[in-house]
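Just the one chain here, laid out as structure tokens, in the form predicted alone.
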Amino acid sequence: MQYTGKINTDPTVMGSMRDAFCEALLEAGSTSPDVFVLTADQGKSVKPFAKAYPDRFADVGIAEANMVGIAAGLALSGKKPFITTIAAILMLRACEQIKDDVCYQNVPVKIVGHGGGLSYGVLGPTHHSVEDVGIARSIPNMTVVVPADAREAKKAVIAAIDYPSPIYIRIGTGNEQQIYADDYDFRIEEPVILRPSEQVCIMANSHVLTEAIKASQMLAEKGVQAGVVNVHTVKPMSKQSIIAAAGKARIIVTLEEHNILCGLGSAVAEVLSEEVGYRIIRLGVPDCFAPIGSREELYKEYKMDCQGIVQRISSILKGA
């Protein structure tokens, strides 16, 4: 899908994915009495919904596994439960219940992990969420969506309300650069072409998509036409949509705020593995525990910032 709106490149125009999530919940709660919200010791993050609809909200405390089980029961009763807490904790601590109670029974629980990727960079590896996408996409019946900005996060949550099967939406935690305009048409499963590809196609999602856009601009100044595609849905992912999004490019660079194993890069490589002529380069967190540092510092450390992306693509083109 080609995005026809204006891409914001002003880094001072910010939006909070978590606030957008709360706004979407409030809208959903006002139109659907079946929307319930559960959280695990993160009540402040969904306080507006809790205040507006206290009979449809519960903070279960530090009991993530119990929260998942309760949500599965609500879904089996015809309700539309959202569960949310810190992504790094939710997807690992409650993985068994997500697999058995939610996905095995294929009930439409909406799982929202906040603080995704390196959002909590200064809190270290215990709070870095760079395995969650890989875990989620490995479980049958699970859909995995990784929004890039606040508008996309809100639209993803709204799209999830009536989604018929389990869905994991991974969002940031603070202010992220706003990319899309209000008229952005989000659709689960459909990659969004932000810049058409010629020589190179950068496929990215999450907050790091802003670095891909900046890198594309920098490469254009060097005479290199690098397209940018937002692959917000990591699962399911169709070969046809990825090939269409790549356009004429035969060099595909994936960029993700995740371990380079099992996430976006792996998913793209899997769908293109039977195609001839593509070279796939994966950028992200290497298979290691990232050190303590700000998000920006860690981007630079692993060459996930725009300068690092440009350097990597330039070196590839020189050796191509």
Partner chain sequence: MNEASSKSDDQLARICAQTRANILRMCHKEGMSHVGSAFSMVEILVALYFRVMRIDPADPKSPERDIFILSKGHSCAGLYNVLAQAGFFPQGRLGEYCKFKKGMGGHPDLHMLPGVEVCSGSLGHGLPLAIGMAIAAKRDGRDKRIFVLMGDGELDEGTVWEAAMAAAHYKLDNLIAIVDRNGLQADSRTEVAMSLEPLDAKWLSFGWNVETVDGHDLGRLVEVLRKMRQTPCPDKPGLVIAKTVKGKGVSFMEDQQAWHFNKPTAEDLSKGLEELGCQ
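Positions refer to the first chain, counted from 1. Because the structure is predicted, anything quoted here is derived from the model rather than measured.
The protein also exists as the form predicted in complex with its partner chain; that form is not presented, and the subsequent description refers to it.
> Is it the case that R282, even though its partner is missing from this view, gets within 4.5 Å of its partner chain in the model of the complex, heavy atoms only?
No, R282 sits far enough from its partner chain in the model of the complex that none of its heavy atoms falls within 4.5 Å.
> When the contact criterion is heavy atoms within 4.5 Å, does Q97 count as touching its partner chain in the model of the complex?
Although its partner chain is absent here, Q97 would touch it in the model of the complex, with heavy atoms inside 4.5 Å.
> Flag E211 as yes or no: does it have a non-hydrogen atom within 4.5 angstroms of any non-hydrogen atom of its partner chain in the model of the complex?
Contact check for E211: no, nothing within 4.5 Å of its partner chain in the model of the complex.
> Answer yes if any heavy atom of G73 is within 4.5 Å of a heavy atom of its partner chain in the model of the complex; otherwise answer no.
Contact with its partner chain, yes.
> Identify which of K79, R250, K155, K235 has a heavy atom within 4.5 Å of its partner chain in the model of the complex; exactly one of them does.
Selected option: K79.
> Based on heavy atom distances of at most 4.5 Å to its partner chain in the model of the complex, which listed stretch, 271-279, 257-265, 284-292, 28-36, is the contact stretch?
Among the listed stretches, the partner-contacting one is 28-36.
> Would you confirm whether the three residues V60, N66 and G69 all fall within 4.5 Å of its partner chain in the model of the complex, going by non-hydrogen atoms?
All three within 4.5 Å in the model of the complex.
> Does any residue in 149-169 get within 4.5 Å of its partner chain in the model of the complex, counting heavy atoms only, and if so which ones?
Nothing in the stretch sits within 4.5 Å of the partner.
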